[in-house]
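Here's a solo chain for you in structure tokens, the form predicted on its own.
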């Protein structure tokens, strides 16, 4: 593996983590843009799979997604570099802020700035939902589309716990994969 690849992995995740506010659901679309659209190291479907795995795994979704990207691109060393790139910026920023907490806490300008950032975070999350939803619809897979609509309906209208939705979707995905595998096996045997 080229040193340049390792360098790009680290600095891409470091930069995204350092200049993004709002947590994992804001960082993940930027990771997607960088590694799918810009560098073309990962294809769209792989990224969607990685996001699903990262979201269903314990821990922060941004770190989990970074680990999967790093491992896919450059193995264990790539995963280690993307972990560092994702975790170092908030660690450094929080360490600095902790020294000046009292001054930041009461500053009206900082408070207004953070309120404004909330609107930006909401916009980025909305963009992620619409682009990922559009990709699912473009696949023209009826089961995926119905599952997506049912999951949103269950969470939004019926307040079903998201963990239950993730488990149900995981089971449904596993059953669908087993069905497709058996179907291919039967086609090959015939």
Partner chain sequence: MIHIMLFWNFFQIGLFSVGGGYAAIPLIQSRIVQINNWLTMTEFTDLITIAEMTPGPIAINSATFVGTHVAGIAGAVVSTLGFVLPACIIVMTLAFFYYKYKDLTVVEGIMSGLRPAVVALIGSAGATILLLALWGEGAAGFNLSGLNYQSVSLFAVGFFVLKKFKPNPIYVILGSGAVGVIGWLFNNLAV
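Only the largest set of C-alpha atoms that superpose within 1.5 Å between the two forms is called the rigid core. Quick caveat: nothing in here was measured; it's all calculated off a predicted structure. Residue numbers count along the first chain shown, from 1.
Although it is not shown, the form predicted together with its partner chain is what the next lines describe.
At the 4.5 Å threshold, heavy atoms of residue 39 stay clear of its partner chain in the model of the complex, well away from it. Taking non-hydrogen atoms only, residue 74 never approaches its partner chain to within 4.5 angstroms in the model of the complex.
Although its partner chain is not shown here, in the model of the complex the stretch 35 to 53 places heavy atoms of 45, 46, 48, 49, 50, 51, 52, 53 within 4.5 Å of it, in sequence order. With the core held fixed, residue 7 shows a CA shift below 2 Å between the shown form and the other one. Taking 2 Å as the criterion, residue 87 does not count as shifted between the shown form and the other one: its C-alpha moves by less than this amount when the rigid core is aligned. With the core held fixed between the shown form and the other one, residue 124 has its Cα displaced by at least 2 Å. Note: residue 128-residue 57 Cα separation is 3 Å or more longer in the model of the complex than here. The pair residue 184 and residue 50 separates in the model of the complex: their C-alpha atoms are at least 3 Å more distant from each other than in the form depicted.
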